[in-house]
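Coming up is one lone chain in structure tokens, specifically the form predicted on its own.
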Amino acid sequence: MKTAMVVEPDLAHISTGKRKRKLNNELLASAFLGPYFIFFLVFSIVPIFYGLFVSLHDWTLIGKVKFVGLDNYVYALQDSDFWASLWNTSYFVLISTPLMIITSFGLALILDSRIKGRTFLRIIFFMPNILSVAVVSFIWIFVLAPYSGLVNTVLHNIGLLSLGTELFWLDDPNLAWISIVMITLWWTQGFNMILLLAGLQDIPIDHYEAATLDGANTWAKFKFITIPAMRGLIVLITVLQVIASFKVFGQVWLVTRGGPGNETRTIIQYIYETGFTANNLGLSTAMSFMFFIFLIILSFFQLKFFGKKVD
């Protein structure tokens, strides 16, 4: 009787081969990530630390004058205009964010339903988002103009404005922020709408079919299926929208220049004016860091609060 020979695998050779493949994969990943990391380091990390260095100096457009330590931060904390502009921005966020989320969600629900022309409506709703802030501002300056503007003309035609009465949308302190909110809503809601629409289309249709068999109406499906499934995405979009709204600058600067008076002057505009109009880059950089810390703290509390709701 012949005995079959059993060949023992070369475990050391196999282990070496696995290590080589792992090393090759890591080198390949590093080759792809390396250029991005270099750009991120040069254009993001280094400027942050350089900005921190600038904020500790009396620094003008010409260059460094002298080291002042934390004096710029102390001055900013005592600057009433800094806090007024931060409040103006916060007021805009409080008004605009709920409107943007609700409007975008409503449009996403409409586009997710089986209506005719959905593709055309998606293009129409999203199209303003591709326009530049300069184009958007230019359009709305004419739309909101008194006497000849589209909004006032429509209000006259439907009888909401009497003859000889005009609304000065951009010059009235009570209407200026409403105008900015309208402009921003029309311009930016398309992006949130697309994200929410993608989330709605990701909900399995089986859930709705099962609910229909159980006798659930449209409201019950929305309350017990749509909202729970979309809650995480809504939280994410809300946090991102709050941060984006706090950084509002372009449309305000081009449409109202922060007026009337300083009623619509945002924190970004005030930082810009401090640095490039008042020629105090050190102070404006200190304000930027304070604003940055404020946004980090705000985002942290948002995620902690909404995270509990999601759980």
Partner chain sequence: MKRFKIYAITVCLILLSTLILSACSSTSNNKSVSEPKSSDAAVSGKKITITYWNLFGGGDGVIMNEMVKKFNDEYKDQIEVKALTQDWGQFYTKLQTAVAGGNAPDLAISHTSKLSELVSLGIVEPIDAYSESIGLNWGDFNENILSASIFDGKHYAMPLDAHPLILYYNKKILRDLNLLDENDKPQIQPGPEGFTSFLQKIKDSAPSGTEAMLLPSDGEDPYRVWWALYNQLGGQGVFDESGKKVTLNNEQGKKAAEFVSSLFSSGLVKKSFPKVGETFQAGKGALLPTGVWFTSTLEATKGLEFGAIPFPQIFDKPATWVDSHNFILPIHKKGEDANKVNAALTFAKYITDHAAMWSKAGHIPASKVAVESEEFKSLPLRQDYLQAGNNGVYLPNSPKLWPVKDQLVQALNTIWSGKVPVDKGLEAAVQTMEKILAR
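Numbering follows the first chain given and starts at 1. Quick caveat: nothing in here was measured; it's all calculated off a predicted structure.
The same protein also exists as the form predicted together with the partner chain; that form is not shown, yet it is the one meant from here on.
Although the partner is absent from the chain shown here, F142, F276 and N279 each have a heavy atom within 4.5 Å of the partner chain in the predicted bound form. For P146, a non-hydrogen atom is located within 4.5 Å of the partner chain in the predicted bound form, even though that partner is not displayed. Looking at F249, you'd find every heavy atom of it more than 4.5 angstroms from the partner chain in the predicted bound form. For the chain shown alone, D206 is not a contact residue for the partner chain in the predicted bound form, no non-hydrogen atom being within 4.5 angstroms.
In the predicted bound form, none of the heavy atoms of G69 sits within 4.5 Å of a heavy atom of the partner chain. From the list 169-177, 183-191, 94-102, 113-121, the contact stretch for the partner chain in the predicted bound form under a 4.5 Å heavy atom rule is 169-177. Contact residues in stretch 283-298 (any heavy atom within 4.5 Å of the partner chain, taken in the predicted bound form) are limited to L283.
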